[in-house]
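One chain follows as structure tokens, the form predicted alone.
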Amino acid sequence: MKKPLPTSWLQGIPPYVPGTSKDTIMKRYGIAQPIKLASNENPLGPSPKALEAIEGIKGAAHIYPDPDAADLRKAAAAFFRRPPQQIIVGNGSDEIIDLICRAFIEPGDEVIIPGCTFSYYNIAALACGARVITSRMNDHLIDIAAIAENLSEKTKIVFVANPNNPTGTCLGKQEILDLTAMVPANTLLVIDEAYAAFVRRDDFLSATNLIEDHANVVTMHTLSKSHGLAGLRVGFGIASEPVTETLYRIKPPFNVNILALKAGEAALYDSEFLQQTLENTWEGLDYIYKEMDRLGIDYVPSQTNFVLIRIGTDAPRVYEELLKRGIITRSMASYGLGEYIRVSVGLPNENRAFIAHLEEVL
């Protein structure tokens, strides 16, 4: 029997591999309260102001949301210090990635992606028929020289996560300036700043500051981590107006639901919650670093809310043994880092539980 066939370039696309869920561990091992440190979620929960906003708007769930997300874009404009017309709101930053690829890629175009980074860039680019060029990494760092070596007349988009997921490393100001200078004006440079709020290095530069002088620069942002709204899916693309106008041509009319719109708006104004999140993250990172040093375990110093930890050849076994004890970390095998696990910063008691169980397993 004949059946509909997908486009030929979809056949080789690897599906996205999510972290293990709490429900899976509860069912598999009968653990009532597993600790999830796998998906870089905010352990403090959602912004309290976001919860208040949801409570106030939930009675309007039968009404279509604002297709222009005007109030949320106004709040984002104040937060990111860019005019509203340079901002597009997405159902998470994942949708912004999709919109960019659909709007700018034709089959056969080339897209450059660093060798170890967020896997959805690859999936979205391949889904549009692009040829993905993987640029080498340099000791867990994105190598901008390697990106430059791969640029060609066919390069349509360059994706860079800064800070990078899953390595936690970050490009400094001069590297970002050099990168924007080397990427041709007819090639889109997409800089994903999902973890920018957590950066502690002094020379960090948000590329949102470069949009005025570089019409080909797009930055992406999310409220999933820093503002605790991962389940509501609120993301932003910030770019020059010709780019945002292009993306609006294909944006679904009601892509962000009414609860997410109001919660996102309130969360952006909740500076107290953001500060609490940063303090919990930075204190948690320092604690994990100290314990890794005590245990003699290598790790990659992070500018995010997670840490890449090198266990060695026993990493798969350690990952599974931690699951049996109700500690959910992230296996790095799908990223080609088979000797590593990635650990999100949790609450202080969750961080202590991770260390105690890790020490037992080792």
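All residue numbers are counted from 1 along the displayed sequence. Fair warning: this is a prediction, and the values are worked out from it, not measured in the lab.
Another form exists, predicted together with a small molecule; not displayed. Remarks below refer to it.
- Shown alone here, residue 197 lies farther than 4.5 Å from the small molecule in the predicted bound form, counting heavy atoms only.
- When contacts are judged by a 4.5 Å heavy atom cut-off, residue 118 counts as touching the small molecule in the predicted bound form.
- Taking non-hydrogen atoms only, residue 161 approaches the small molecule to within 4.5 angstroms in the predicted bound form.
- Using a 4.5 Å cutoff between non-hydrogen atoms, residue 225 counts as a contact of the small molecule in the predicted bound form.
- Interface residue among 109, 175, 94, 270, judged by heavy atoms within 4.5 Å of the small molecule in the predicted bound form: 94.
- When you look in the predicted bound form, the only residue of 255, 216, 165, 277 with a non-hydrogen atom within 4.5 Å of the small molecule is 165.
- Between 188-196, 239-247, 141-149, 206-214, the stretch whose residues reach within 4.5 angstroms of the small molecule in the predicted bound form through a non-hydrogen atom is 188-196.
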